[in-house]
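Take a look at this single chain, the form predicted on its own, given in structure tokens.
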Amino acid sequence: MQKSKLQLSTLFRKQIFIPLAALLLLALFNLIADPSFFKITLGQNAAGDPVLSGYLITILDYGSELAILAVGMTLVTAASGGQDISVGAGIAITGSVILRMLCGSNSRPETLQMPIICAFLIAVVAGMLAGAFNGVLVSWFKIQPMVATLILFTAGRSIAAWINNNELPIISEPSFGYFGNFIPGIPIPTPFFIAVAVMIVTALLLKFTNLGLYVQAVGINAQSSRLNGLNPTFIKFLTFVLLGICVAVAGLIKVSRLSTINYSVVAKDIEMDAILAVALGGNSLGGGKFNMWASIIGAYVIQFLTTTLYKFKVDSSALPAYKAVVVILLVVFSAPTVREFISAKYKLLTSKNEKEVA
């Protein structure tokens, strides 16, 4: 009995418990409210290729691009103790760059003006430059991250429209749509495979380099990390650049879904979801220690929540309000005073039960 209580207490203290518990609660809610939520069917798309469909596939599909952003946002949050609210605008910029490179001067080209991989690499450079701009403001000029990234948040979509001369380019090449939809013959959405690739690269980066250790050290105490030979300014700058790469990958997926772009709507409010994924992963929004896998699970949980709300006909304009409630609850429960209170109550309850049994 004592051993099981100890195991339960240990499980509660694990950071990954928060997103897993949220995932379980959402799954139970949908299972009780409507078991058909978990139904997956195999059908065909417009091209006649086999594709899987269902709410779970939607979560897997759109949650993957959010998971990609959560990777970069976790590093930025851990190192800087703040969040980048310009990722949605960054997606608009990088997506617009991809379309510009593929279309050239003609917004309706019959053939692509360059290979897709080349256009993507140019977009990665654009994403890194946008991240570098934010990183300089935060790391060198010591501006609070949300304030620093407010510049691109405000101007980014106008920059994206300017890149394509305020036109809406359309790509007619079918292969371009594979990145945001399905590869012929593979019924699982392509964004999931892209997200897995990003996760593998991130895992290798954290395992074979000291990046994770350095980021956490800077986030916990930048002054102490400097005394130990680290360069907090560069590490914070680097995390914003890495987030810029993640933004470019998400930008490719976004514009590939429709083979075009709507500057004012694309990736709208996605920055809130990315931040919420980090928070739901149990990571401190004030910086320091982080758990990347918890953030990734948190991203899929956020998409699970979004899909559930859509399933029950919640108006899209009301979604931010529901998510704001989740943010408030997460912030409250992650507060040290609340955690200490819950821990004290739990110990009191267990000790009382032990006395009654004795």
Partner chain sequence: MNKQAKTSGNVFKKIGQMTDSNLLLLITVVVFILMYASAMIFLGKGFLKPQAFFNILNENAALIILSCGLSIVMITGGIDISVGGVTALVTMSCAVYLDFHNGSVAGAMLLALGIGLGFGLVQGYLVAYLDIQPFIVTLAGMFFAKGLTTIINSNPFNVANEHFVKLKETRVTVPGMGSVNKLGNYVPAYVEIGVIIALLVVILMFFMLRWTKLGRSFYAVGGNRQSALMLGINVKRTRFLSQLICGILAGIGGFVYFLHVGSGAATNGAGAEMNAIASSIIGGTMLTGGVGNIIGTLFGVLSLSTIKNIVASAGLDKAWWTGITVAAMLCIFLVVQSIVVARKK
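Here, rigid core means the biggest group of C-alpha atoms that superpose within 1.5 Å across both forms. Everything quoted here is computed from the prediction, not taken from an experiment. Numbering follows the first chain given and starts at 1.
Below, we turn to the form predicted in complex with the partner chain, even though it does not appear here.
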> For the spot marked by Gln144, Leu150 and Asp273, is every residue within 4.5 Å of the partner chain in the predicted complex through some heavy atom?
Replying inline: yes
>> So, Gly286 and the partner chain: in the predicted complex, are they within 4.5 Å at any heavy atom pair?
In response: yes
> Does Pro320 reach the partner chain in the predicted complex if we count a contact as any heavy atom within 4.5 Å?
Replying inline: yes
>> With the partner left out here, check for me: in the predicted complex, does some heavy atom of Val196 sit within 4.5 Å of the partner chain?
In response: no
> Cys103: heavy atom within 4.5 Å of the partner chain in the predicted complex?
Replying inline: no
>> Please identify the residue among Val266, Ile85, Ile171, Ile235 with any heavy atom within 4.5 Å of the partner chain in the predicted complex.
In response: Ile85
> So which of Asn228, Gln113, Thr154, Asn210 reaches within 4.5 angstroms of the partner chain in the predicted complex, heavy atom to heavy atom?
Replying inline: Thr154
> Pick from 201-209, 135-143, 253-261, 120-128: which stretch has non-hydrogen atoms within 4.5 Å of the partner chain in the predicted complex?
Replying inline: 135-143
> Going by the partner chain in the predicted complex, which residues of 149-176 come within 4.5 Å of it through any heavy atom?
Replying inline: Leu150, Ile151, Phe153, Thr154, Ala155, Ser158, Ile159, Ala161, Trp162, Asn165, Asn166
>> Once both forms sit on the same rigid core, is the C-alpha displacement of Leu56 at or above 2 Å between this form and the one not shown?
In response: no
>> Aligning on the core only, does the CA of Leu26 end up 2 angstroms or more away between this form and the one not shown?
In response: no
